[in-house]
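Here you get one chain, nothing else, as C-alpha cells; it is the form predicted alone.
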C-alpha cells in the first residue's frame, strides 16, 4: 500500500509552491524594474550631458565655435566609471570628438534627443544625440552633438539590485514557508480536535456527535453520525440474535434430551439403549456448545466497554462455586474453598463467566469422588485465583495452544466439550489486563489453572 501524504504536508507544500511562484515573479519584476531604472538614469544623464554641450555651441565671426564644458562629462562620471565618448559636428564637419562614433540612424529633429544602443570599439555603448541650429552669419548651421557611454555601470547597478531582490525573494520564500506551515497547522486544528473528540469515546459510545465544527467538516460529522447509528443498530440486532438463537437452540435440545431419557428407561434392548445414549450425548454436547458460544459472544461485546466495579474475588468464587455445587455433587466431587480477601476492579459478569467455565472443566474432567481445590490470594500488586483438579491433565501439546478457539487436549477423547472454555477465560483476563496460567497440578495428577489479575 502506497503511503499517503498528510493533508497538513500537502497544504504546506501547496502554499510553499504559491510562495515560490510569487517569489520568482517578484524577483523578475524587481530585476526588470532595476534594469529599466538604471537604463533610464543613464539616458537622463546622457541627455543632460548632450544638451549641456549643445548649449555651449556659439557663432563667432560667421564660424561655429565650441568649448566643451567640464560639467557635461562630470555628470557621466558621477554614476559609474564607464568610458565616455562624444562627437560634435557642424554642418557635417567634425568639430571635436571621435569621428568614427556612430551617428544617429535618423536625422534628429532640432532640440529633440534620440537614444540608441550601438557597438563601438568592441563594446556596447548607449548614445544620446541632439541637434541644434546655430546662426553663423546669415545661414543656420545644424550642429549635431552625440554623447556615448559604455554599459558596464548600468549592468553592475542592475545586477546588484537583482541580487538584492533575489536575497529578498529567498527571505520572503522562507518566511512564507514558515507561515504556510503555521497556517496549515492552524487550519487543521478543528479537524484534529474533532478526531480527538471521536477517539476519546468508548467503544460502545455511539451517541451522535454534537460538537460544533467548521462548515467544511459538517458533511463528515453527518456521515459519522449516520455510520454510528447504523453500527448501533447492527450491534443491537447481533445481540438480540445471539440471545434469541441460544434460547431457541437450548429449549428444543432440552426437550429432545428429556424425551431421549424417557425412551432410554423403556428401551427394549441394548442396541436401542446405546443409540439413545449417543443421542443424549450429542444433545449435551450441542447444548454445551450453544451455551459457550453465547458466553464467548458476551465476552466479545462486554470487553469493548469493560465495567470497572470494585469486587472481592473471594466473594465471587464463593458464589460461583455454590452455583456449580449440584453439578459437582452428581459426580461426588467436593469443591474445597480456601479464600482470602483479594480486591480487583473489573466486570463481575465476565469474571463469573470465566471462572464458571474453568470450574465446569475441572468438574467434567475430574474422576468421581475427587476434590477440586479453589484458592484465592492477594499479592503485592496482583490477585490470584487457583483452580486445581485430579483430572487427566493438559495432554502432550503446549498448554498455551489450548486457549485457542475450539482447541482441546489430546487426552480428552470421549469427554463432551467444545474447546471454548479456556478461550473465554483467557479473553476475559486479557480484557482485564491479566493473564491465564496453565500448568500441571503441583500436588499430584491433574491440572492447575491460575487467574492473575491486577489488584485494585
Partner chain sequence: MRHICLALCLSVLALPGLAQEIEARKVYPGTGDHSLRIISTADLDVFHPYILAFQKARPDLTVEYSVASSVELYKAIRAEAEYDLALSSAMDLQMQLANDGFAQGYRSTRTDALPDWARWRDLIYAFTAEPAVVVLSTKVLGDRPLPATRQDLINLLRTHPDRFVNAVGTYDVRESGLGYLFATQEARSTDAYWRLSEVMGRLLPRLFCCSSQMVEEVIAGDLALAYNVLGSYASERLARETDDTIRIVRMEDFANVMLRTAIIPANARNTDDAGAMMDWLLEVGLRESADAWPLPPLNKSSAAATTGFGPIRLGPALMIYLDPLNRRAFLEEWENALEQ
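What you see is a predicted model, and the numbers here were worked out from it, not measured in a lab. Positions refer to the first chain, counted from 1.
There is also a form predicted together with its partner chain; it is not shown, and the following applies to it.
In the model of the complex, no heavy atom of residue 392 sits within 4.5 Å of its partner chain. The closest heavy atom approach of residue 400 to its partner chain in the model of the complex falls outside 4.5 Å. Contact between residue 198 and its partner chain in the model of the complex is not found at the 4.5 Å heavy atom cutoff.
For the chain shown alone, residue 65 is a contact residue for its partner chain in the model of the complex, at least one non-hydrogen atom being within 4.5 angstroms. Here the chain stands by itself, but in the model of the complex one stretch of 213 to 221, 87 to 95, 167 to 175, 183 to 191, 87 to 95, has heavy atoms within 4.5 Å of its partner chain. 123 is the sole member of 229, 312, 309, 123 with a non-hydrogen atom lying within 4.5 angstroms of its partner chain in the model of the complex.
When you look in the model of the complex, the only residue of 340, 99, 379, 135 with a non-hydrogen atom within 4.5 Å of its partner chain is 99.
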